[in-house]
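As structure tokens, one chain now follows by itself in the form predicted alone.
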């Protein structure tokens, strides 16, 4: 089977590509190397994949590709490409989020409507829930995105539904909850925390630390994608989370134990767009996809710390590595 992975050089995309190649699939990876974070990190993600004869990499924007022609060779699409980040989505940057999250998704769906895909898996986000009063959050909870980023992820998710109902594009949306693990983007909390600890700096924490998150290890996210490509009901949405939530402040002693270094905290004002709590009800994914998150928070954070040590101890190729 030949599969297309958009955002292939990113955090989740690279993990998914490795797993797909390991299962013997032909993989076409697309990534535009957006400057949201330093390109050397993405280059490191993609380098091992390029050694496989079954992997073809296209370093271009989706908007520039002849997608109809490309999709004729593909059975399944995993659409992970997106402009990420809640806090950066305000103001003048919003146009980038519209282009990369909504318009790119619409272009992909338009190309897919006359094709013969078995599934198009869209990577949605827990950010679509925003201020929903439901905890845990279910797929039928009311959706109140609290950030422009969340609005664009919901818009693209709805676009998938429209093309499914009107043109028969076999879309499935997976709502990811706070993904972490080796390869995590440098703008994400645990990466920033570990880097600060490594450098002997204070951790910057927005809010009072009482906010809770449903943290999901990246390998569990990959498993959910694979299961969705085989078992998901077309046109449906599934939560993909760890199935439990952690209070942020309660994790700092764990970080100290893992790193063997003290954690010093600089408390900052809560940022606009940050929700107080996320918690996924994963009963639907459990029943219909056979999804079972398997990695506990301590094991997952230990693996991410080991990756951080390797990442920043390697010979420096660019000044941006110091950031």
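All of these numbers come straight from a predicted model, not from anything done at the bench. Residue numbers count along the first chain shown, from 1.
Below, we refer to the form predicted together with a small molecule, which is not included among the displayed structures.
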(Q) With a cut-off of 4.5 Å between heavy atoms, is residue 61 one of the residues that contacts the small molecule in the model of the complex? (A) yes
(Q) Residue-level contact is defined here as any heavy atom of the residue lying within 4.5 Å of the small molecule in the model of the complex; does residue 149 satisfy this criterion? (A) yes
Q. Do residue 178 and the small molecule share at least one heavy atom pair within 4.5 Å in the model of the complex?
A. yes
Q.
Quick check on residue 267: any heavy atom within 4.5 Å of the small molecule in the model of the complex?
A. no
Q) the small molecule isn't shown here, but in the model of the complex, which of 66-74, 272-280, 35-43, 288-296 has heavy atoms within 4.5 Å of it? A) 35-43
Q | in the model of the complex, the residue from 120, 154, 224, 80 that sits within 4.5 Å of the small molecule by heavy atoms | A | 80
Q: Go through 197, 232, 84, 169 and name the one with a heavy atom inside 4.5 Å of the small molecule in the model of the complex.
A: 84
